[in-house]
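Quick setup: one chain, the form predicted alone, written in structure tokens, and binding and motion questions come after.
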């Protein structure tokens, strides 16, 4: 029997359902105008309002290493060291925390990035250690703060350095000027959602009028599910297991995640942020078989449509007896496949957002920006998933190498 996703009526239905994607994405408000400089009072007022509203957010990692498990419910999370070769919040902790707040900002034209980053690094150390009074008595738990700098700042240190290139524009974008690009990324993750606005207020107060906030986004992830071999992955807002394929081993991370050089960036990585609105009603209107055809995987188990388990690699050449691909030609798992694209692996994460419309915050980490751009360019031509999305913010950042007392944050690049 020919599967429903190969039937001509299905393709006609997809064509009717996916000509347009709606605009919008969840943004944490209030968002200040670019010409307004933040003050300590402003950020503390915003913090209090968000805490009073019981804000929740999310930042869950794509996979946990074998033998590592989330702490039992109610257990005190283990603290995460802020210092080391790599910044925390990318591959550690594992599994990662369930809450995220990303803040994107610009530096003033005359602001030297080196001293500012060094101050932020020192503040991150005291905040994660729980010795900073600006925590207002909240225990830091498993708090991590990850800092990146945008292409404009990287180019001041070297035009040929990784991270110096801006993201190109792609289709299905509707991005206002303040939501494209940026000089500074502060990613805050924690098990306790109350920490997110408190830590953001402390760091932005530390920066003072040297920076201007562009936009911020809070997000959340659901519980991880097992994908075999001791690994776990969460479901995305469309109900499918997300982040199954990625650089989950040390060898793969050295190959595709971490920058090996030049020395100024060694130990860092490149991040891409894409904020999107999802058209959940149109996707939900599809049958389960049609939804699975969009992704190329089973919704319940995550197994590829070519067979096997969630841990199995899709057999992209597998066909039905009458010659139709088991994994459709426009399925997401085919169009984004690293082998098909000819690019490396991305550490991919998708976080659910609420305001002002259902959406997601997509973040990928890779040591070559082409890994992302080539993948999205390949998807842009015929990926069945993209018509359900509209991108409303986009940026790329060099995630700085790790730091310690002797080597302040950013000193390798701006010292």
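Residue numbers count along the first chain shown, from 1. Small disclaimer: the values here were computed from a predicted structure and weren't measured.
We do not show the form predicted together with a small molecule, though everything after this point is about it.
K.L.:
Mark residue 188 yes when one of its heavy atoms lies within 4.5 Å of a heavy atom of the small molecule in the model of the complex, and no otherwise.
P.N.:
Flag for residue 188 set to no.
K.L.:
Taking the small molecule as it sits in the model of the complex, is residue 215 near enough to touch it, meaning that at least one heavy atom pair lies within 4.5 angstroms?
P.N.:
Looking in the model of the complex, residue contacts with the small molecule do not include residue 215, since no heavy atom lies within 4.5 Å.
K.L.:
Any chance residue 98 has a heavy atom within 4.5 Å of the small molecule in the model of the complex?
P.N.:
Close contact is absent here: in the model of the complex, residue 98 is far from the small molecule, nothing within 4.5 Å, heavy atoms only.
K.L.:
Can residue 278 be called a contact residue for the small molecule in the model of the complex at 4.5 Å between heavy atoms?
P.N.:
Within the cut-off, so yes.
K.L.:
Choose one stretch from 255-263, 239-247, 160-168, 128-136: the one whose residues place a heavy atom within 4.5 angstroms of the small molecule in the model of the complex.
P.N.:
Looking at the partner contacts, the answer comes out as 239-247.
K.L.:
Tell me, out of 178, 114, 222, 338, which residue has a non-hydrogen atom within 4.5 angstroms of the small molecule in the model of the complex.
P.N.:
The residue from 178, 114, 222, 338 that makes the contact is 338.
K.L.:
Quick one: of 271, 153, 333, 88, which gets a non-hydrogen atom within 4.5 angstroms of the small molecule in the model of the complex?
P.N.:
The option sitting close enough to the partner is 333.
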